[in-house]
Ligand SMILES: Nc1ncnc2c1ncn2[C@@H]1O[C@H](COP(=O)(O)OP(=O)(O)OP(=O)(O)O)[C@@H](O)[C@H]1O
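Shown next as structure tokens: one chain only, the form predicted alone.
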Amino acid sequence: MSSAPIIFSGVGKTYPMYHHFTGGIKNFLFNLPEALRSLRSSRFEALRDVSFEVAKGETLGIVGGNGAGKSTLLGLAAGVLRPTTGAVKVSGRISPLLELGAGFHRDLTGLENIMLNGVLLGLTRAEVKERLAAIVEFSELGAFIDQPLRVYSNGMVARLGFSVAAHLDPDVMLIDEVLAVGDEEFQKKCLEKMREFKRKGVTMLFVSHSMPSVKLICDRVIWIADRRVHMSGAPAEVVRAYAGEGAGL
């Protein structure tokens, strides 16, 4: 059996489609068998028969148009979604950067949110305290660190979210468009931190619409199209093919 930290085997994911019953609840109940069959058959397929492995220390880029299933794939890897078919195996401590600032509370200060988010992401309070100074320094939020999150801009929340996630000492990082938020200097800092993780042998899944970042960071890239892995290979090769299709670049 493979020892790769990330393994997708024949993975499919579907979601139910919800309907408005124009005939009302009485009509629905009188035609219950037919209505239930309609509900079961009306599903949206996000991914179909997706299989790949990510070796220890490898950075795999995921590209594709909007709605291709990239974020669904990361959600499956993070364990916040369950596959409809197939199996997903992810080993080690996971740091999911799927939505920077998720789990923060707007009425708590930056410092209080660091403690809250660190614990939610798997650290003990003692471990968060050990990393607190480094997290605050990395965020560059200055005096705002003692202010409630409701006065933060989206970019400031992104800084705080990345700063916490980047100090987890993860085995696996799942990164969804983190470089699309914040100012240019913050984006450069994110890239450099990701390169540092690569040097430390952290395994990464990286979803992005930034093809220069994909080519800079990734060891291999898969292109998701029509719910499947359309292409897999060297970053320059896959990015060239993806761009040639006019894939929203």
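Keep in mind the model is a prediction, meaning the values are calculated, not measured. In case it trips you up, residue 1 is the first one in the sequence shown, and so on.
Only in words, not in the display: the form predicted in complex with this ligand, which the text now covers.
Contact with this ligand in the predicted complex holds for all three of G67, S71 and H209, each having a heavy atom within 4.5 Å.
Partner contact region in the predicted complex: 71-79, out of 71-79, 152-160, 84-92, 138-146, criterion any non-hydrogen atom within 4.5 Å of this ligand. Here is the short version: of C218, A46, V54, C190, the single residue with a heavy atom within 4.5 Å of this ligand in the predicted complex is A46.
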